[in-house]
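Given as structure tokens, the chain that follows is alone and in the form predicted alone.
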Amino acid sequence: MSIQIQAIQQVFHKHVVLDNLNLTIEPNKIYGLLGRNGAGKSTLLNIISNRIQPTSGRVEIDGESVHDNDRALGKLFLMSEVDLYSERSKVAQLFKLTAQFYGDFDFDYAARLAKAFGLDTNARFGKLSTGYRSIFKLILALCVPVNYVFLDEPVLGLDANHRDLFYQELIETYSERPRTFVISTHLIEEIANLIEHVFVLDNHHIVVNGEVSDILAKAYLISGPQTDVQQYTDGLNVIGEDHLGSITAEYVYGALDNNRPIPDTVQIEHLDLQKLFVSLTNTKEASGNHEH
């Protein structure tokens, strides 16, 4: 019972966006899908939910292809920036419409969430601000009876209080009814404590795929005088560095050499997810050569 992404290739106008992606998304887990703008995160989510066809490769849910397969697609919900809703429809009507497609919609929970977020269910969708459109779509995502929920930039336009409220609700609903959430966002610090497993998409490939605790266990910040730091990190997998006055900080992803003595002047600590992500995906910064 999982989603299998097999050898997915996506080419737009001769530009490779995704290159031979293979991933497994397991049941009852919270994933983070991280990547810079234009890395192909939305493209990948659109392929998984059959909104666009990959150039090659296939996506299966529990062994069934998602291609034009309503039964398989009924097991997942994608909340994205694209508005698929009629501008004239009222929020309450759109809840009912969603229930017709998915079946067992949780109207009580939707009403509770609408009240908590201050969403007027009699308002027309077209009259909602960006933030309230996001809130409306988040409520749908939390109330549909699916096994897999994909959230593409879910907190777009939300203020800090509403973002906090959403994260709390996500944890609560997940513990009451476990299912899989895949959160694609650039607000990494905010979701770092929520997600169990992380995928980092960079340069058309998945460059990190693992449990967050395992990933962070081998992500290090090594700081001190430049010569001492460089001597210690020589031959290690250095993914970035910063300088502040006479202090140099190098970021290492991978095993340290346990036989190597640590100089008194050098400090070693663990990186957080945000810093690791920035260091891993920073290599193309100078060239500005990112496709969208």
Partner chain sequence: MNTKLNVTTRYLLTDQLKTMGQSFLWLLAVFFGLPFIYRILTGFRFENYSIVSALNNLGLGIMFALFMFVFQSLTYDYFKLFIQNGISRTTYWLSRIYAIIIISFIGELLCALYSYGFSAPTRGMTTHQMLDQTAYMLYADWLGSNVWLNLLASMFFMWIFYIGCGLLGMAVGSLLALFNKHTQRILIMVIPILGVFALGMLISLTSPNTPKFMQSSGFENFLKFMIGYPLHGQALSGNFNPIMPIVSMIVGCGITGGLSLIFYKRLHLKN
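On a predicted model such as this, the values are computed, not experimentally measured, just so you know. Residue numbers count along the first chain shown, from 1.
Beyond the structure shown, there is the form predicted together with the partner chain, which is absent from this document and is the topic of what follows.
- Shown here without its partner, the chain carries Gln226, Gln230 and Tyr253, none of which come within 4.5 Å of the partner chain in the predicted bound form through any heavy atom.
- Judged by heavy atoms within 4.5 Å of the partner chain in the predicted bound form, the contact stretch among the candidates 31-39, 65-73, 240-248, 254-262 is 65-73.
- The partner chain is not drawn, but in the predicted bound form it has a heavy atom within 4.5 Å of Leu97.
- Contact check for Leu84: a heavy atom falls within 4.5 Å of the partner chain in the predicted bound form.
- Although the partner is absent here, Phe107 is not a contact residue: none of its heavy atoms lies within 4.5 angstroms of the partner chain in the predicted bound form.
- Mapping the unseen interface onto this chain, Val200 falls outside it, with no heavy atom inside 4.5 Å of the partner chain in the predicted bound form.
- The partner is absent here, but in the predicted bound form a heavy atom of Phe77, alone among Phe181, Tyr220, Phe77, Phe166, sits within 4.5 Å of the partner chain.
- For the stretch 36-70, the set of residues having any non-hydrogen atom within 4.5 angstroms of the partner chain in the predicted bound form comprises Asn46, Ser49, Asn50, Arg51, Ile52, Gln53, Asp68, Asn69, Asp70, in sequence order.
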